[in-house]
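Here you get one chain, nothing else, as structure tokens; it is the form predicted alone.
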């Protein structure tokens, strides 16, 4: 019996279709039939490539996480001035969350389930977050007198939480504030400037 070989082109079409369906319908609302229809294949062929929806979701967002986190690490490691670094950090995060709105949920779930496995499979040893230079840079600015005394760790957590929370809480925010998808997107674009400005205004002397 001849063993089937998987067609990389077909696999790519499936992943593109799945990304579109997940983004528009969410993990819970997406069906394998929806993905098969979007990819222009039958459901049996879809299951040949990916046995279930969870595996498809993991494949897509694991790949996105592997591309995204090294970008953040590069910002941490750069020689940019502190305020400029903060602006780039927020902008990069929001860009990624806009493009992959379910990435935060995927990361949170995977980290809670098995943090060591996630860190190793996504980042390996070379691309793990290395915020030490960023934290040291904050301490240097404090000593120079350019910013107020603040815990570097808390400053980093403020940056992360203020950036990610709207995406994690998107259903609650859009419902309670009666925001359309377009309005939410526009608000997130504004936050690229609002978040660093708010924090910088709060800490600079």
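Keep in mind it's a predicted model, so treat the numbers as computed, not measured. By rigid core we mean the largest C-alpha set that fits within 1.5 Å across both forms. Numbering follows the first chain given and starts at 1.
Just so it is clear, the following notes concern the form predicted in complex with a further copy of the same chain, a form of the same protein that is not shown.
> Does at least one non-hydrogen atom of residue 118 fall within 4.5 angstroms of a further copy of the same chain in the predicted bound form?
Within the cut-off, so yes.
> Would you classify residue 23 as touching a further copy of the same chain in the predicted bound form, given a 4.5 Å non-hydrogen atom cut-off?
Taking the distances in the predicted bound form, the answer for residue 23 is no, it never comes within 4.5 Å of a further copy of the same chain.
> In the predicted bound form, does residue 74 come within 4.5 Å of a further copy of the same chain, counting heavy atoms only?
No, residue 74 stays farther than 4.5 Å from a further copy of the same chain in the predicted bound form.
> Hey, in the predicted bound form, is residue 109 touching a further copy of the same chain, heavy atoms inside 4.5 Å?
Within the cut-off, so yes.
> Which residues within 163 to 188 place at least one heavy atom within 4.5 Å of a further copy of the same chain in the predicted bound form?
Going through 163 to 188 in order - heavy atoms within 4.5 Å of a further copy of the same chain in the predicted bound form - the hits are 164, 165, 166, 168, 169, 171, 172, 173, 175, 176, 177, 178, 179, 187, 188.
> Spell out whether the Cα of residue 197 moves at least 2 Å between this form and the one not shown when the two forms are superposed on their rigid core.
No: residue 197 shifts by under 2 Å between this form and the one not shown.
> With the core lined up, does the C-alpha of residue 31 move 2 Å or more between this form and the one not shown?
Yes, the C-alpha position differs by at least 2 Å between this form and the one not shown.
> Do residue 103 and residue 24 move together or apart in the predicted bound form, judged by C-alpha distance changing 3 Å or more?
It is closer: in the predicted bound form, the C-alpha atoms of residue 103 and residue 24 lie at least 3 Å nearer than they do here.
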